[in-house]
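One chain is shown next in structure tokens, namely the form predicted on its own.
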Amino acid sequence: MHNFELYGYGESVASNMARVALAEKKITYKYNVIYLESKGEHLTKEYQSLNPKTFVPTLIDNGKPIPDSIDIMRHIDNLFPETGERLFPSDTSQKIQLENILEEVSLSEDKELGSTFGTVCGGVSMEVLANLLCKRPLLSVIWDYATKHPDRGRAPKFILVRLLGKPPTALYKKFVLNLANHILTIEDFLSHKKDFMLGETYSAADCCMASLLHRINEVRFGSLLESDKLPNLKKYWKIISNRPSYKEGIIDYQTGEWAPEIEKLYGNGPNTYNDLLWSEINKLLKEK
């Protein structure tokens, strides 16, 4: 008997990955919201006792914490291989392909921001994160990130964003340009013209992609998902966003914190850097 408890945040990419996987495996669990930038709850002693790296999500299985979205997927798939979708295939060639995709979508803290599709999605989220950080007093943010955050490389970046009230313009433009490259990599991954990242078989890669593409849509780069210039991505997004797990794992858990901040930033239109993104994509497509 397994009693699962998940700590996560509704607009966290990694939390979304884990919740989509849990939905695909048809696993029920108790859910605990950990508010991030707006409240700093991930930096409390209580949460750090479960996840010393302070990231979300963390799955508790009968008292044992599993503090990483990919590790959570592996854990539940090993426990219940015959329940719901099999997230990690047994076929050797598919295993290799899956690991290559998971490397591309990695959110790991040892990856430079923007170097993977996962981290670049974090990068293009920074305008929203800045708005949420600004809900807290400056000294409170400086104190929390300077004294409580375990990643001494990333903590100063959050402090700088709070001081500026936004990400540095040059850095954000770099993320947008990197996004163009990663989107074309995903388009190439999908060149087999089949429904899922591995072809006919749903996998952990699709749990990750559902969350990452949702983030792209969320920060108003959704034109990427609707363009005939990226036909494989367009088809894939339609398939993956219509699966029940997309609503059950992502839409149903939104906190409501992000929507008003996104509206403040972009109104009813696209991301401010949408034209820059498409200029880079068009350039890269011509070079192919």
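Because the structure is predicted, anything quoted here is derived from the model rather than measured. The first residue of the sequence shown is number 1, and the count goes up from there.
Beyond what is shown, the protein has a form predicted in complex with a small molecule; the following relates to that form.
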Next on the checklist: I have S12, L107 and H149 flagged as a candidate spot, so tell me whether each of them has a non-hydrogen atom within 4.5 Å of the small molecule in the model of the complex.
Outcome noted: yes
Checklist entry - When the small molecule is placed as it is in the model of the complex, which of 153-161, 87-95, 167-175, 135-143 ends up with heavy atoms within 4.5 Å of it? => result 153-161
Item to check | Contact residue in the model of the complex, chosen from Y246, F221, F55, Y236 - any heavy atom within 4.5 Å of the small molecule | outcome: F55
Item to check | Listed residue (I240, L36, L230, I250) with a non-hydrogen atom within 4.5 angstroms of the small molecule in the model of the complex | outcome: L36
